[in-house]
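This document opens with one chain alone, in structure tokens, the form predicted alone.
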């Protein structure tokens, strides 16, 4: 009983990982995207519709990733080119996604109706991809010139520009990557983890992924560990009888991941945390760059 529970937790963790890594790269470049929930909603809905209509999982995943990429570029245009407040731009994308996906997906409500993708040694193949992508992201950020340039763009963009780094281009690339990963994570949720379309079925997973970036102190490996923790919490909220039979209502257990998210956000907002770990936060995060 515990093994299926753990494997299902890993499947939840991989979605948090993909979405979180995209947001982490965003933030490392200095761009904050709080609209990741909307991007996941779009990726899930478009991916679900395309896969159901075409009968192809590949087409569904590509469509979900593509719509996420487009939304990432839209967020980049607003926040980098037009220098709109990044929080406002992200919230706009979330609200837009919340409304439009409800309209688009309503005719497709219900199960996907396709044979479930096969596992590899009992584990979803996407879990292996999530682990590999975590290690690749860490290596690129910490051991390559591209990673150094990306971090410089998020720390001191003016100095990076003087050093020959095109900050605008790098931030566009990072934000587009973040959107692509958010869309893909949404498609993964709708096509693999819970292949039944319903109104607002992402249920806050984008906001949890956003919180994981802060929880990780912008470290991909720590983010993966946090994703596994939240995957376990999510599955526990669905199956509390595994650990505590008859203790509290099932509906109260459902709030566990979100309570944990709020507690993390409270902790990282304290003066102690900022003094102890503040150096990990990109200094120019959320600040528009104006080339002089």
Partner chain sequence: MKVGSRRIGFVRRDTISGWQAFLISTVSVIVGLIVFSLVFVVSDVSPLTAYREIFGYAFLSPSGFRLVLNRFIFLALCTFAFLIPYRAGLWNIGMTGQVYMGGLAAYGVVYLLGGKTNPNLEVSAWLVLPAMIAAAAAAGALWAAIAGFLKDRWDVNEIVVTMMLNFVGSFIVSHMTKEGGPFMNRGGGSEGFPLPTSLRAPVFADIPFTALFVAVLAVALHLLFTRSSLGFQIRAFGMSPRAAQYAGIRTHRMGLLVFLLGGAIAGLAAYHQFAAVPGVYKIPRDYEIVGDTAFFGIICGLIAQGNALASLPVALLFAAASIGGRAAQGKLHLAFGLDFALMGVLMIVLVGFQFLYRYRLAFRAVGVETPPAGAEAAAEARGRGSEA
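For the two forms, the rigid core is made up of the largest set of C-alpha atoms that agree within 1.5 Å on superposition. Residue numbers count along the first chain shown, from 1. Since the structure is predicted, the reported quantities are computational estimates derived from the model, not experimental observations.
This protein has a second form, the form predicted together with the partner chain, left out of what is shown; the following refers to that one.
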Complete contact of 91, 99 and 262 with the partner chain in the predicted complex (any heavy atom, 4.5 Å): yes
Which of 130-138, 112-120, 180-188, 208-216 sits within 4.5 Å of the partner chain in the predicted complex, heavy atom basis: 208-216
Residue 258, heavy atom within 4.5 angstroms of the partner chain in the predicted complex: yes
Contact test in the predicted complex: residue 78 vs the partner chain, heavy atoms, 4.5 Å: yes
Contact test in the predicted complex: residue 84 vs the partner chain, heavy atoms, 4.5 Å: yes
Residue 63, heavy atom within 4.5 angstroms of the partner chain in the predicted complex: no
Residues of 163-196 having any heavy atom within 4.5 Å of the partner chain in the predicted complex, listed in sequence order: none
Displaced residue check between the shown form and the other one: residue 10, CA, 2 Å or over, core reference: no
Core-aligned CA displacement of residue 267 at least 2 Å between the shown form and the other one: yes
